[in-house]
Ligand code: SIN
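Next up is one chain by itself, shown in structure tokens, the form predicted alone.
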């Protein structure tokens, strides 16, 4: 039996198929206003394998200048669109934090995309959890401890699953080892969408 770190919650199938379809439509509206783009690694400028965009008051961006939050799309210069009400409701239901999320990162993974082990630590305040929603193809999600050298364990995330990183797990290392192609029919052309809701400041 897989034992998850204290403070990490995996909620399988929290969104049913109808809810997933509704959320995908909401995200298509977001992407229509704030197009997906390919971020770059700081210093090296190497493109990440995922494409991304954001919604909310702030959006997380990565480029040669570093990782940061800003209030505008780095390519179009337009403000980020608002976070869909459906995601705000999920946050109210599952986060345990009365303050609304300020940012929602939208990552799109094709079947070759990965995400290396990392911490979500570009925020000013770590008291609120990170809430993550999976849509589309399944993935193998890896989670470790708060130090990179600590042991890791992996488990599969399916479309409709929610993961909450809070409390002692707020700063655990985590990543995506692989995508399992054609495991979902939710997205017309396949792939996986991951939505990550965060508070940035106190």
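The structure presented is a predicted model; accordingly, all values stated were derived computationally and were not measured. Numbering follows the first chain given and starts at 1.
Heads up, the form predicted in complex with succinic acid isn't pictured, but that's what we're talking about next.
Trainee: Answer yes if any heavy atom of residue 194 is within 4.5 Å of a heavy atom of succinic acid in the predicted complex; otherwise answer no.
Mentor: Although succinic acid is absent here, residue 194 would touch it in the predicted complex, with heavy atoms inside 4.5 Å.
Trainee: Any of the heavy atoms of residue 69 lying within 4.5 Å of succinic acid in the predicted complex?
Mentor: The answer is no: residue 69 has no heavy atom within 4.5 Å of succinic acid.
Trainee: Verify the contact flag for residue 157: yes if a non-hydrogen atom of it lies within 4.5 Å of a non-hydrogen atom of succinic acid in the predicted complex, no if not.
Mentor: Contact with succinic acid, yes.
Trainee: Would you check, heavy atoms only and a 4.5 Å threshold, whether residue 105 touches succinic acid in the predicted complex?
Mentor: Yes.
Trainee: Scan 176, 30, 61, 58 and let me know which has any heavy atom within 4.5 Å of succinic acid in the predicted complex.
Mentor: It is 176.
Trainee: Would succinic acid be touched by all three of 109, 118 and 141 in the predicted complex, meaning a heavy atom each within 4.5 Å?
Mentor: Per the other structure, all of 109, 118 and 141 touch succinic acid.
Trainee: Please determine, with the chain shown alone, which of 168-176, 145-153, 22-30, 35-43 has non-hydrogen atoms within 4.5 Å of succinic acid in the predicted complex.
Mentor: That would be 168-176.
Trainee: For 50-66: residues with a non-hydrogen atom within 4.5 angstroms of succinic acid in the predicted complex?
Mentor: Contacting residues: none.
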